[in-house]
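So this first bit is one chain, no partners, the form predicted alone, shown in structure tokens.
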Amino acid sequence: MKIAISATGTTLENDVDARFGRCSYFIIVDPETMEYEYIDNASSQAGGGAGVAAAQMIVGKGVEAVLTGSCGPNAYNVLSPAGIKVITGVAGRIGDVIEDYKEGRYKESSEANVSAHHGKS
């Protein structure tokens, strides 16, 4: 089992990035073994469609769940139909967030929690 976490950096010591589509990195981790890899989010600087592009990339990684601060409707509508649980409202150090996930402290989101184009600056 693997999960994807929107991240501000490349290690488990970094924080969860509040933005899904425009986060700098994703940490893909196996919560049981704590083995992980990081992926640069190439779509973070895209003029448009960042959430969809990021979601499509994550779908290709075979993850069971995504943990992030915010997820817009376009990304959600790629992730959810692919069978990926979307968990929003997540914040804090990634290592701590993984422990909370393993202990069942998060609830799957039933819809996007921000409007389209929310994270665009």
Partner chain sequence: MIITIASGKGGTGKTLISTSLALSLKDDYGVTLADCDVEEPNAGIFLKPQISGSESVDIMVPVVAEEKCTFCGKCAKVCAFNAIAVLGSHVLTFPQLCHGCGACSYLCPEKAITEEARHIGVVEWGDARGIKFIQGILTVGEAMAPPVISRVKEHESEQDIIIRDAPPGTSCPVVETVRGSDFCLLLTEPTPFGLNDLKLAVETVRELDIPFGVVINRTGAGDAGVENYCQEEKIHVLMTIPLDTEIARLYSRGVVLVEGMPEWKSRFIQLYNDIKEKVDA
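Positions refer to the first chain, counted from 1. This one's a predicted model, so the numbers in the text were calculated from it and none came from an experiment.
We do not show the form predicted together with its partner chain, though everything after this point is about it.
Peer 1: Just to be sure I understand the contacts: of 62, 89, 95, 48, which is the one whose heavy atoms reach within 4.5 angstroms of its partner chain in the predicted complex?
Peer 2: Exactly one listed residue reaches within 4.5 Å, namely 48.
Peer 1: Is residue 74 near its partner chain? Define near as a heavy atom within 4.5 Å, in the predicted complex.
Peer 2: Residue 74: yes, in contact with its partner chain in the predicted complex.
Peer 1: Residue-level question: is residue 78 within 4.5 Å of its partner chain in the predicted complex, judged on heavy atoms?
Peer 2: Yes - in the predicted complex, heavy atoms of residue 78 and its partner chain come within 4.5 Å of each other.
Peer 1: Could you confirm whether residue 53 comes within 4.5 Å of its partner chain in the predicted complex, counting heavy atoms only?
Peer 2: Yes - in the predicted complex, heavy atoms of residue 53 and its partner chain come within 4.5 Å of each other.
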